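Single chain ahead, by itself, as structure tokens, in the form predicted on its own.
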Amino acid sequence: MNALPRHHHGASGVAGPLLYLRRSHAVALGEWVEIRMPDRSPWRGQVIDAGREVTVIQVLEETVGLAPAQATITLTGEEASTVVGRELLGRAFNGIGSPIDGLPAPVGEATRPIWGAPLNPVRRARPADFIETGISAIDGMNTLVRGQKLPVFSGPGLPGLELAARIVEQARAPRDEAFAVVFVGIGITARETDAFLERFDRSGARERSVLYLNQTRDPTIERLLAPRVALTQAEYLAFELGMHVLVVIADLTHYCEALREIATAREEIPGRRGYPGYMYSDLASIYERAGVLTGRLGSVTQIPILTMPDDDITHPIPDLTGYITEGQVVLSRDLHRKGVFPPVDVLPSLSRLMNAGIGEGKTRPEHRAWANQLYASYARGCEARLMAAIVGEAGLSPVDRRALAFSERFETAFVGQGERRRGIEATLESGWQLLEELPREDLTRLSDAAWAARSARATAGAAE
């Protein structure tokens, strides 16, 4: 872009964080704007609507003291861009890419526009491997595949941010390939910001991570920019440097609230629950930047974490997210009350690309049958729990009592792993140990081939 700056004296009006400019020409969406008033430092803004009659500018700071008729507005001709490169690993930035770690601004290897386009479907490669998060309920039951978008549906008071931090610390490519994590905190508090920085320093995860931390006190527009700045860095690491990049975004609910706030200020006709009607396409412009490209070594994988208001999975944010992404990991309030961490409810959780990331050469050939049996046995135990609430445990059949006991052990010993990180081998072994406590006649989802693979592996382990 880089057009010459254009100066305008006086704007037609201001409404909250929005400034309205008439009779402007050759304006580009996302263009940076400088707004000056006498005897004070300038405001910075960005064009969010380049209309034929009116240009809408989102001001990045409080507009108190801004008199639109007296302001000088400069359209800089510069598009919203960010510095990218390997040098950013280990650094922490705010939502627009400015350093917050006390170090100088990075030089980087390139400058890229943040309004990147979704990956071209024609150039997408089929996902064929997985990323190990260290969380058994994800790696074993809802495997995360490279290039996938797998959101976590949390709720108020549930440890969604804690799970995000664990994934940042524990995730890795299983074959020691070049791997990096880009973490985006949207609308987090100053205390949470300090806690993330201290925690990642202590765990050593900071060295292979780039952190973009947008705080609640930051301007609203920064919440909309933060994930795009982060994804621009992730795309460079993945498709220019050949790294496998995991992007963890928390909390997408704050992003959508910012989208609604700006739409309200623009007096747009609201959609469901006051959110703008274009929220679906806006979220898709973020989610669809994940993927694997044909002929490129790297990949971009996303784990967006969002808080469902009132635990309502039909709320517009999780509802629209579910349409765009390939599955979901749902956190359970009942498991959280029991002290299970991470409180992942495996029954409504789903990874639609799981089969592409497991099996021979990736995990174990019996992984799919193993997961199916765990699902079936746990589902039967949950049904037995409901029945026991009516007739009492003594009224259950022996098979139902075994299933009920299995469900309790599954929640505490498999899903609930506490502070421990489990690799994929430890996850599979933990599940096998639970299944082997049940009689063979209860394990109808396991084929003879799966049992043979299990026996051969156990024999080889004993020999070693």
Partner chain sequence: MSDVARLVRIVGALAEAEPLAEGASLYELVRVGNRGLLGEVVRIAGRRGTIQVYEETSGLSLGEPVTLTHEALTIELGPGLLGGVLDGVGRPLVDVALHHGDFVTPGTTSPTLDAARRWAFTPTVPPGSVVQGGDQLGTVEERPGFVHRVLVPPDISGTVASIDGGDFTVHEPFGRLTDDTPLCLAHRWPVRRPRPVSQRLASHVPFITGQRVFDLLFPVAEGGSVALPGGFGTGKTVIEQSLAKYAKADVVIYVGCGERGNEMAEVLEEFPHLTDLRTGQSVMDRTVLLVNTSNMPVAAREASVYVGITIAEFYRDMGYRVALMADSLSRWAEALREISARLQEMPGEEGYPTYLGNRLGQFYERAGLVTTLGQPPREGSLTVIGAISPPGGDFSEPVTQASLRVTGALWALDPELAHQRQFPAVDWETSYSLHAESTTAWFVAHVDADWPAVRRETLALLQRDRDLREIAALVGPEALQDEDRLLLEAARLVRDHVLGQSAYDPNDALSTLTKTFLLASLAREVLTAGTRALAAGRSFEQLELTGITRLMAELRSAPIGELDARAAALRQALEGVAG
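Just so it is clear, the structure is predicted and the values come from calculations on it, not from any experiment. The term rigid core refers to the maximal set of C-alpha atoms that superpose within 1.5 Å between the two forms. Numbering follows the first chain given and starts at 1.
As for the form predicted in complex with its partner chain, it is not shown, yet the points below apply to it.
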Is every one of 120, 269 and 448 within 4.5 Å of its partner chain in the predicted bound form, counting heavy atoms?
yes
So in the predicted bound form, is its partner chain close enough to residue 444 to count as touching (4.5 Å, heavy atoms)?
yes
Should residue 281 be counted as a contact of its partner chain in the predicted bound form, where contact means heavy atoms within 4.5 Å?
yes
Taking 4.5 angstroms as the cut-off for heavy atoms, does residue 69 touch its partner chain in the predicted bound form?
no
Whether residue 436 contacts its partner chain in the predicted bound form should be assessed with a 4.5 Å heavy atom distance threshold; does it?
no
Just one of 425, 61, 49, 408 has a heavy atom within 4.5 Å of its partner chain in the predicted bound form. Which one?
49
Could you work out which of 110, 89, 125, 265 is the residue within 4.5 angstroms of its partner chain in the predicted bound form, going by heavy atoms?
125
Which is the contacting stretch out of 95-103, 387-395, 248-256, 200-208, given heavy atoms within 4.5 Å of its partner chain in the predicted bound form?
387-395
Within 4.5 Å of its partner chain in the predicted bound form: residues from 347-383 (heavy atom criterion)
347, 348, 349, 350, 352, 353, 355, 375, 379, 380, 383
Any chance the CA of residue 407 moves 2 angstroms or more between the shown form and the other one, core superposed?
no
Threshold 2 Å Cα movement between the shown form and the other one for residue 365, core superposed:
no
Any chance the CA of residue 80 moves 2 angstroms or more between the shown form and the other one, core superposed?
yes
